[in-house]
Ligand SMILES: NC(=O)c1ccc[n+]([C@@H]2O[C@H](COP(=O)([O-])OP(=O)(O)OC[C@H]3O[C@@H](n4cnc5c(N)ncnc54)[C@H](O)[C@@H]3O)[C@@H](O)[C@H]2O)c1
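Starting off, we have a lone chain in the form predicted on its own, written out as structure tokens.
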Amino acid sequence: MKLRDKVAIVTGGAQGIGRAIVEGLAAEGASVVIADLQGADGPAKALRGQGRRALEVDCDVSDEAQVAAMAEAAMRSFGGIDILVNNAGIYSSLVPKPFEDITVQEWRRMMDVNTLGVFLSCRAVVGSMRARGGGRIININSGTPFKGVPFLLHYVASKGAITGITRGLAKELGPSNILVNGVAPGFTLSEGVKANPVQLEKLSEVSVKARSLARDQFPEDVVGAVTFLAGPESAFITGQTLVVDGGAYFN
């Protein structure tokens, strides 16, 4: 229960990696705000049924007003915000294709959700974190910018930007005792990915073969890194990105 009395927001927390993170933070005692486009009520009700404190919020992280409302709901319900996990993003629906086939609309939507959404969410919570004497921001990144994965250029670019945001904010928010780190999973068999036959065909087997630990990766594999970075053991770590991919990439 190392996160007892802490309040955490997880964007994109209704399913996949986000839901696994929500459950992991709640298991450590945190009150959790599950923010997602839809479907957040199910996980929240399940946690409340277990005696946990959980709140569901409908939120499009690319919408400034909705992100502000998300933060306000957390403060109103739980008194403040200590932890933000920026997990919401576009990935599982993607079909790999040459970069010249990516439309301007697809590029802008990717940046709006994966990059602007992180900026807006950080900006919305930082005031409460400062008022509480500090906080933790954990950005769910990807191993793709480190490895230079082809045929997903808009996604790779958006996640590469998250590395820069993590480092820049770590410097800027350090004096406020707000730690900013990233977790970069490898190809993960979430519900969304398993529903995408093209990704499974093109990426699953090659991802397993590239790993030192030659098995599939699941959402639960990411949870330990997140709870570590949210907890007291990581109090002197900031600006880092921890790659969690079974040893496919050594950072």
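Not measured: the values here are computed from a predicted model. One rule holds for the numbers: they count along the sequence shown, beginning at 1.
Here the subject shifts to the form predicted in complex with the named molecule, a form of this protein not shown in this document.
Heavy atoms within 4.5 Å of the named molecule in the predicted complex belong, among the stretches 122-130, 137-145, 95-103, 164-172, to residues of 137-145. Checking L152, L179, V113, I81 against the named molecule in the predicted complex, a heavy atom within 4.5 Å turns up for just one residue: V113. In the predicted complex, the named molecule sits within 4.5 Å of a heavy atom belonging to A14. A residue is said to contact a partner when one of its heavy atoms sits within 4.5 Å of a partner heavy atom; Q50 fails this definition for the named molecule in the predicted complex, lying far away.
E64 falls outside the set of residues with a heavy atom inside 4.5 Å of the named molecule in the predicted complex. Contact annotation: R108 falls outside 4.5 Å of the named molecule in the predicted complex, judged by heavy atom distances.
Shown here without the named molecule, the chain has P185, G186, F187, T188, S190, E191, G192, V193 in 181-198 lying with a heavy atom within 4.5 Å of that partner in the predicted complex.
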